[in-house]
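Only one chain is included here, represented as structure tokens and corresponding to the form predicted on its own.
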């Protein structure tokens, strides 16, 4: 590795404040849902923030390190900070709660869903992010969710399409039946005509 390529990693390890994953949240999810989750629920990299891989602190550029430090200073909610080691759900938590409230909730991870509320649904699958956190499903993956909930949501979402499909199928079968009946009448009238000519 050339000194120039090594510079961002050196800056990350010497200037950046330590960044730790918060296993309390993972432990709560596993205990509550029975599903194991990794750091990818909130972080860019599934192994968490520490390391040299993409999405970890050691891989950040100087500008990304500046973003990281600005995001770490977002103590109050609504600062719209973008943390390069967090994914959209992690950023959403910090922007909704602020770093101060988040660190308080860390001691009581069961309070996170209520603090987040039910309005955010980043993957637009119909299940709020807070409920996905409780269930241990991924808030950024629209195919990740409780199967029964996803089924009911999609049933409601596509109810009109399903009704129209049933109506179209019924109309198609009725039309096919009518057409076959018409062919039958046509054939029987042809047979009657042939019989009368003989």
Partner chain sequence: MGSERMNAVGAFLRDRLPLSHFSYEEMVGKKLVPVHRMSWGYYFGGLVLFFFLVQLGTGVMLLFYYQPTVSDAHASVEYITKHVGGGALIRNLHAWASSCMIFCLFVHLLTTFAMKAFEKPREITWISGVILLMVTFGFGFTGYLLPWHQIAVNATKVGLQSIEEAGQYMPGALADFPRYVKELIQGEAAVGQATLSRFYALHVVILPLLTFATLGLHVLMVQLHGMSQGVDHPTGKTERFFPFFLLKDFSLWGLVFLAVITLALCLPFESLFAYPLFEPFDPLGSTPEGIKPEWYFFFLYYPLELLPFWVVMLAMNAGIVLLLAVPWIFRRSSRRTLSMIAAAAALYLVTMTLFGDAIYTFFKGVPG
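Residue numbers count along the first chain shown, from 1. Note that this is a predicted model, so its numbers are computed, not measured. Each form is matched to the other, and the largest set of C-alpha atoms that superpose within 1.5 Å is called the rigid core.
The protein also exists as the form predicted together with its partner chain; that form is not presented, and the subsequent description refers to it.
Engineer: Does any heavy atom of residue 130 come within 4.5 Å of a heavy atom of its partner chain in the predicted bound form?
Structural biologist: Contact check for residue 130: no, nothing within 4.5 Å of its partner chain in the predicted bound form.
Engineer: Taking heavy atoms only, is residue 61 within 4.5 angstroms of its partner chain in the predicted bound form?
Structural biologist: Heavy-atom contact with its partner chain at 4.5 Å: absent for residue 61.
Engineer: Against its partner chain in the predicted bound form, would residue 35 count as a contact residue? Criterion: heavy atoms within 4.5 Å.
Structural biologist: Residue-level check for residue 35: yes, a contact with its partner chain.
Engineer: Classify residue 49 as contacting or not contacting its partner chain in the predicted bound form by the rule of any non-hydrogen atom within 4.5 angstroms, answering yes or no.
Structural biologist: Residue 49 lies outside the contact set for its partner chain.
Engineer: Since the partner is left out here, which residues of 75 to 93 would have a heavy atom within 4.5 Å of its partner chain in the predicted bound form?
Structural biologist: Sequence-ordered list is empty.
Engineer: Does residue 34 show a Cα shift reaching 2 Å between this form and the one not shown after rigid-core superposition?
Structural biologist: No, shifts by less than 2 Å.
Engineer: Superposing on the rigid core, I want to see if residue 147 changes position between this form and the one not shown - specifically a Cα shift of 2 Å or more.
Structural biologist: No; that C-alpha moves by less than 2 Å between this form and the one not shown.
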